[in-house]
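Here we start with a single chain on its own, the form predicted on its own, put down as structure tokens.
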Amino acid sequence: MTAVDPTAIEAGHKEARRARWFARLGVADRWFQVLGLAWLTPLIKAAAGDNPRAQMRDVWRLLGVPLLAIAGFLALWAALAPQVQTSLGAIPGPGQVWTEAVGLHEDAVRTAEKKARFEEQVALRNERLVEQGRADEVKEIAFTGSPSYYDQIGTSIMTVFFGFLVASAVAIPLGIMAGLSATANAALNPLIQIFKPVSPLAWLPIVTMVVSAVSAAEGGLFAKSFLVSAITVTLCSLWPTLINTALGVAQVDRDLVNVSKVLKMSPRAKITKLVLPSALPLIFTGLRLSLGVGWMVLIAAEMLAQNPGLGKFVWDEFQNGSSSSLARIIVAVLTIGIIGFLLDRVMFALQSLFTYAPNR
């Protein structure tokens, strides 16, 4: 009879637990990469004793080097900014920009408090009128104060998503048509090549006149400035999605297409069960490119259309010409860059949920 070594059994259980733990970490690593936190995986592995030296090299590459690069950029900015003199004074350094960012936050908090007090007073007024039997005089009164910095950020994000969704609703069906039909591709290709390079500054006058003609009266569902900005975003951002969708659909495996013919699949079933799943990686690539293009286009569109978003904020500060204007414009530039990065991360996360391609 063979004796069982309890130490060996415990070691086996420990190794099995360790393997399960690392398997879970591998799943979490996918989301760390999506969120831009890929450095967490080697850090956790190093803490668990899995080749700490090699893992810390990965932490240095994924976290240390980017932080060092940012620190170097800030140091270079702080050193060179005072050397550049403009009509409004020297270019502000990181410290001045941070001060203005804090000031914009404080202004936004004060504006939110004013709006809350105003809405509370309107609600009390309406309650008194109802109590006095004058319900016919009850009305909603909009807050007329200037929008805060956060309100302008919200307006820009809402505008770009509106334009992006409309562009996607147009581009994806057209891309599927172009990918499935050589005739449709031949018809769409000249239009794509002509209109894809057109600048948003060229579209704006046309869009402005069309929107003004169609919505002659005020008080519609959307403000004219919002529609002008959103439609300009749509016209400039639909092309990457259209092109990538057509390319993805055209590259669907011919064997799968032949199988769909043998199974006598309906056109709808063919598209939803065969074409779209195969083309999704390239479609999402197009969507990410389109959202990035739309965000860039939006700022110029808001400047000229005077839609109360970040573009108008930059234009107003440029026209203001105060000593703090340059610093506030730089705050807006950094905000635009950070939001653009976050929008791309959102699309990357959606792509990770719906596609399984190893390379995205």
Partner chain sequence: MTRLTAILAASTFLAGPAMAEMLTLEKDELTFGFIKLTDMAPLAVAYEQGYFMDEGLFVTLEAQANWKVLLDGVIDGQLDGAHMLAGQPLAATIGYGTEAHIVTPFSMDLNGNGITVSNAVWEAMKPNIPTDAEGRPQHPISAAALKPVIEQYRAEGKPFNMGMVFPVSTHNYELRYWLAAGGIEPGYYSEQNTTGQIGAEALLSVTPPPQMPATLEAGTIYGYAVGEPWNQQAVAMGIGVPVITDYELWKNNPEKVFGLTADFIEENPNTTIAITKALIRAAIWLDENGNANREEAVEILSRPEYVGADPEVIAASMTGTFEYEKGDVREVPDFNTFFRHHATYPFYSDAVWYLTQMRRWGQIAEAKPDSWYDEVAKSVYKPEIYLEAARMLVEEGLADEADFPWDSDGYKAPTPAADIIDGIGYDGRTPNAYLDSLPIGLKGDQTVVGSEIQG
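Positions refer to the first chain, counted from 1. Nothing here was measured: the structure is a model prediction, and the numbers come from that model.
The discussion below concerns the form predicted together with the partner chain, not included here.
Out of the listed residues Gly154, Pro173, Pro82, Gly145, Gly145 is the one that sits within 4.5 Å of the partner chain in the model of the complex by at least one heavy atom. Of the residues Leu221, Ala135, Leu124, Ala213, just one reaches the partner chain in the model of the complex with a heavy atom at 4.5 Å or closer; this is Leu124. With respect to the partner chain in the model of the complex, the three residues Arg117, Arg128 and Glu317 uniformly fall within 4.5 angstroms at the level of their nearest heavy atom. Among heavy atoms of Lys45, none comes within 4.5 Å of the partner chain in the model of the complex.
Put simply, Ile141 is close to the partner chain in the model of the complex: some heavy atom of it is within 4.5 Å. The partner chain is not drawn, but in the model of the complex it has no heavy atom within 4.5 Å of Gly26. Proximity of Gly49 to the partner chain in the model of the complex: non-hydrogen atoms within 4.5 Å are absent; the residue sits far from the partner. The stretch among 291 to 299, 51 to 59, 317 to 325, 65 to 73 whose residues place heavy atoms within 4.5 Å of the partner chain in the model of the complex is 317 to 325.
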